[in-house]
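There is one chain below, alone, in structure tokens, taken in the form predicted on its own.
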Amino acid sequence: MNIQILIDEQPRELPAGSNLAELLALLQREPRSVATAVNGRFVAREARPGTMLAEGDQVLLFQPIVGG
């Protein structure tokens, strides 16, 4: 069974039970190169494996900002 989510406002199907870390691997994105949010809430890198994705979730991938 698959679920449909939105990634940067584009629809995408994933296997049910996928988490955010698995999504980044599927997209071939280097985990350190991208910041993530699900449904408008920032998700820290270490929380990605425990962030399960559900039907209709909206995932935002963005460039992390560093500086001082």
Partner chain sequence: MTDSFEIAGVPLASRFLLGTAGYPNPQLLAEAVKASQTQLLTVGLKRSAQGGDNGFVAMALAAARAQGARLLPNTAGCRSAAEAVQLACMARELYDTAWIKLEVTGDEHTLQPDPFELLAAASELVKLGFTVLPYCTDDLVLCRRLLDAGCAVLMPWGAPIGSGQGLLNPWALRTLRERLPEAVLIVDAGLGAPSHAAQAMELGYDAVLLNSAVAQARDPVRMAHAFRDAVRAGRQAYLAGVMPAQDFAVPSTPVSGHAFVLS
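From a predicted model like this one, the values you see are computed outputs, not experimental measurements. Positions refer to the first chain, counted from 1.
Beyond what is shown, the protein has a form predicted together with its partner chain; the following relates to that form.
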Contact test in the model of the complex: residue 13 vs its partner chain, heavy atoms, 4.5 Å: no
Give a yes/no on whether residue 61 approaches its partner chain to within 4.5 Å in the model of the complex, heavy atoms considered. yes
Could you tell me if residue 44 has a non-hydrogen atom within 4.5 Å of its partner chain in the model of the complex? yes
Distance check, residue 65 to its partner chain in the model of the complex, heavy atom within 4.5 Å: yes
Those residues of 7 to 39 which, in the model of the complex, come within 4.5 Å of its partner chain by heavy atom: 8, 9, 29, 32, 33, 34, 35, 36, 37
